[in-house]
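Alright, two takes on the same chain below, each alone as structure tokens: structure 1 and structure 2.
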Structure 1
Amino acid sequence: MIQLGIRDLVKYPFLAETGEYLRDKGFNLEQLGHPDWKPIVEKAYGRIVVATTGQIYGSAIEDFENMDSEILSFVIAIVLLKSAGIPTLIKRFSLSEARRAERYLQRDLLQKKNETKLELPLKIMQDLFSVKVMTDKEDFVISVSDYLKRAVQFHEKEWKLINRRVENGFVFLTAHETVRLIRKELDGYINSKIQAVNIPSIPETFRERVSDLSLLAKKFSEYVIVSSDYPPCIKHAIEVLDRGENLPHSGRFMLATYLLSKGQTADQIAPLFKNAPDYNERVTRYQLDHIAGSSGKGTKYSCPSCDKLKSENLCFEIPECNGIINPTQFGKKRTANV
């Protein structure tokens, strides 16, 4: 059995051991509602705000005096989010925290010479996600079945099994690739922890920040009108974003190039991505300007072909798609054939 230290709980506050640690320290919701604890509530609120920007919250791992406040900020953030009950904010927070934990998992995996450091990330992946990861010199290996189950969510060619090193039923991965494989499951696990929290009532000192979360969510609540003229692949991409779910990079590229080809500007397209769990306004605008050819070398990108989209699992073909080779032809071919 691994004995977790307080630094481990700061890095991975979603573990069950966190609750045990806080109970042993005597922390409870009523106590945290005292005005003296308001700075921790503010830290928790700030942690949520950081998540909504698409960034990753940074903890002061080496600051011994603030270890408890770092752990409590995660727990209180969950209380605030559950009390507000806003799915978009919960999704953004869980993804941001998953990406944060991913960084620490990768760092711990890279410290192979320290068996204690290596033991915890391997246990997390085994216990929480049933993925047995083993080491092989500088690489990490997992079974082909475990790999295929998770790699299906990626559309980039480097994740195709044919492009991986495979030996005796095992796939070889870097530390980064290993933890990247479980991001979606880690995101879902943290989300489920928030959903499972039962809070009969919250301290009065929490209520102001819960109200602020409702205001914060309004900037992500733009509704998208999906044109009946859009092909099904584009409709699906917009609907995924509208639900606050993650659209892969290839899907975002498809959506941007398609809408640009229809005469829309980067300013008009940008709001579509606001509901993405990892939305970052600056990055989104930069990428849209780059795709539109208004930055850098001025290269304007075209919408991928239907065959390309099929290979990336982005095609949702319907009978009206017959005869087209690119989404931009949808409707035109249909009109010509009438």
Structure 2
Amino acid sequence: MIQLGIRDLVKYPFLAETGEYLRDKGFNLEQLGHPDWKPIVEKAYGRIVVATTGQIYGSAIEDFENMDSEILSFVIAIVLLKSAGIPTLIKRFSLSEARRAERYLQRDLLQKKNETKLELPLKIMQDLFSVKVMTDKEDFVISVSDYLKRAVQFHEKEWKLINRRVENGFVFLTAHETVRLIRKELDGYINSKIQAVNIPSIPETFRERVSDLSLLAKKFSEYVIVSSDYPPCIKHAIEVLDRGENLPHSGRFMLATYLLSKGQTADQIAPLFKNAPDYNERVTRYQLDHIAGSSGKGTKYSCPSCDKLKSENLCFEIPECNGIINPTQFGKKRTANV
């Protein structure tokens, strides 16, 4: 067993040890309902709001004034989310918390000179995600099979095994890549932890923020259906946006023109961009309308060719793309041949 410090719990509040810690300190839900604790409920609510905008909550670990309140805000956020019971919010929260933990994991991995610091992130990987990570000089190494099981989920060519240094059954990675590899699992883990929590009743002081969450969720109720028939370049762009990562302008242009060509309207497409770090509703609408040709000069833009997308690194060709010259042809050709 490694001894977890309170700083570790601030960084990784989803660990089982958090519960123990709070119990030892004598915290319980009833007591947290006292008006004195209202600031922490506000902090928890803020933590959720930040998550829903696709941002990552928190600042440098050294700046934490009150570590207990950091840990408690995570726990209370879960209480609020569970009481509201809105899957979209839970999904966004766990994703954002996963990204937050990812930052700390990466930082902890980088400080490996100090072996006691390396122990915790490696243990988290091993215990939570059954990935045995070891070090080799400046690199981190994991077994080829552990690597493949995770990396095949990524479409980017640099994750293909052939584009990795592979020796003696191991794949060599940087700290960033190591953590990136388990992002999905980290998200899934936090999500499942939240699902498993059982809350019988909540203090009166929490109620107001619970109903605020329902209002907050309304913003995200428009759902865009992601079809499995989309070509990989389009799927990839949607995934990037979904993760709240930045998609270059050329990628947004491709996505918008593609979906418009498939008969979707600007209204249906706009919500896709909500997670983008620089999202601005008015600008997005303006751009979409412009691309769709329903404002301004009225020129309708069409989806760029595969060649163009390849040169912009937006192409993630798979065998099914065979021979097409524009993503809009994806899936059509094969049926035409039969």
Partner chain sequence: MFEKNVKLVNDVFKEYYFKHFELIHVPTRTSEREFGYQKFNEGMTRHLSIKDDKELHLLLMTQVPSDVYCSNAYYSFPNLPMSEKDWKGADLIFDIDAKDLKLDCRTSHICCKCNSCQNIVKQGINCSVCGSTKLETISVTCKNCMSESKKEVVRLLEILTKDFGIQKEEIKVCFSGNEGFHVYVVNSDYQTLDSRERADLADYIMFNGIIPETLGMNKQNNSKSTLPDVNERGWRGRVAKEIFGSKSKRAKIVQEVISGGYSVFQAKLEDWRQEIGVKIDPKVTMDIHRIFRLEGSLNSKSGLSKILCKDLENFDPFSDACLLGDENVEIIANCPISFKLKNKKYGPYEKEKITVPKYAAVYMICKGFADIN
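Each residue is numbered by where it sits in the sequence of structure 1, with counting from 1. Each form is matched to the other, and the largest set of C-alpha atoms that superpose within 1.5 Å is called the rigid core. Everything quoted here is computed from the prediction, not taken from an experiment.
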- Pick out the form predicted together with the partner chain: structure 1 or structure 2. 2
- Query: Comparing between structure 1 and structure 2 on the rigid core: C-alpha of Glu17 shifted by 2 Å or more?
  - Reply: no
- For Thr257, is the C-alpha shift between structure 1 and structure 2 2 Å or more after core superposition? yes
- Rigid core superposed: Tyr286 CA moves 2 Å or more between structure 1 and structure 2: yes
- Query: Can you give the CA shift of Asn313 between structure 1 and structure 2, in Å, with the two forms fit on their core?
  - Reply: 15.7
